[in-house]
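Encoded as structure tokens, the following chain is the form predicted alone, with no partner shown.
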Amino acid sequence: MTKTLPEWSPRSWHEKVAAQQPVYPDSQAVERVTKELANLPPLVTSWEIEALKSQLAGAARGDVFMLQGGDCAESFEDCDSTRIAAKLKILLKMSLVMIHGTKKPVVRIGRIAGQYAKPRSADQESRGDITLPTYRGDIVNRSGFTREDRTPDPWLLLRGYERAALTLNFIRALADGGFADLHHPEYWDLSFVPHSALAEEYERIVESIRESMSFMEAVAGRPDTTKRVDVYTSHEGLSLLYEEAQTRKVPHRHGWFNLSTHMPWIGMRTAMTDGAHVEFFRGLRNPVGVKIGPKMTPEWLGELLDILHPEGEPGRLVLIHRMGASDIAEKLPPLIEAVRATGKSVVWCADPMHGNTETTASGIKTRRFDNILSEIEQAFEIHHELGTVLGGVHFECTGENVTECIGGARGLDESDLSRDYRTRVDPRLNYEQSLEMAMRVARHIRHMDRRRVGGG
């Protein structure tokens, strides 16, 4: 039986233990900043949030496919037109490939315009004889290793809001202004394809997409049928002061909306059922995500559903599982069974990135393309066998050809990592690896669909 929960407000989380929060030395400055944030215009709208929730309800049923992708952690420097355009372009290309493979609408959710805070395993970092606060992302402090850089600065919350607003403004301008017109050959860089054993199949996928888009334009009698797309935003709702300041009631709608993003999520480090993050998220009308890793138990997950998802509203809760290729077969099925026993609708989403991080002998964090792909393919198989729907995938990726992950058609290895390794936190799939991953996912979905039709 679902337990009765106490009354909620955007400030009720203050009564709970808040993990992963910085200690600001100037409380008066914090108060001034949060008041200013609370009076600034919202970054997103409630009707956009409700539209996303409706599409996610479709993903829970298997009628829509969800693609979530972007940087592991944004920096303020990423508020750059070239970088933003590259992120949007790869997200659009991946979605088109997945539309081709799934034959379903794809809802695009960027890890963008707010992914400025990151959870850390320790509060302090030592270098030699010097110990300073850990770098927690540009919205908290600065990456330089000085006392001034590492002291949490509340004014960075305002800087984060401003950078998010600028990023969102440019995304919307691109999405509305023809940037989504990707049928032109010059938009598709396929120089990596000849290096793959699946080269001919990749070329057929892209050619089929071009032909389909041309056909739709011909039927519609106008050239702009595919040039306008919806792109939603998401970020980990780690900084509760930032999230609270942008949470408000909206005229003619019930409840409270976090208007800093369309879909905030809770990470494993802050998913304690008696913690401040779960308390804050339970009162939001937004669709919310929860990362679930190999340490998640059926009992823990059941309690999270009781608190975050008491009514089982379709499209409200996205469970993003991140087990690792070696653990998913053992760890995921009991969690699926636990959710199914509740009878509640959720969106299952596979995050094959976080469970497959490793460190090379030289100390560089990386991920292997084959392990990422393996976890996705296993996830599809597990959900198929248990009669549930894998409604989406989640990638840390970039539209630039960085060298942070190993593998892919070009066969990047450890020696390539130092060539263009840029991430401050976790390694990302680069442009080529991201597009190839989308093609491999689409290929796997097609094969599974054939098995279903054939009764296999």
Ligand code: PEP
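Residue positions are given as counts along the sequence shown, with the first one as 1. What you are looking at is a predicted structure, and each value in this text was computed from that prediction instead of being measured.
Below, we turn to the form predicted together with the named molecule, even though it does not appear here.
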Quiz item: Which listed residue (309, 100, 136, 291) meets the criterion of a heavy atom within 4.5 Å of the named molecule in the predicted complex?
Solution: 291
Self-check item: The single option of 92, 319, 205, 72 touching the named molecule in the predicted complex, heavy atom within 4.5 Å
Solution: 72
Practice problem: Spot the stretch among 124-132, 376-384, 169-177, 262-270 with residues whose non-hydrogen atoms come within 4.5 Å of the named molecule in the predicted complex. | Solution: 262-270
Practice problem: Mark residue 243 yes when one of its heavy atoms lies within 4.5 Å of a heavy atom of the named molecule in the predicted complex, and no otherwise. | Solution: no
Quiz item: With the partner left out of view, is residue 119 within 4.5 angstroms of the named molecule in the predicted complex by any non-hydrogen atom?
Solution: yes
Quiz item: Is residue 354 one of the residues lying within 4.5 Å of the named molecule in the predicted complex, judged by heavy atom distances?
Solution: yes
Quiz item: Though only this chain appears here, would residue 87 touch the named molecule in the predicted complex if you measure heavy atom gaps against 4.5 Å?
Solution: no
Quiz item: Judged by heavy atom distances of 4.5 Å or less, which residues of 396-426 approach the named molecule in the predicted complex?
Solution: 396, 426
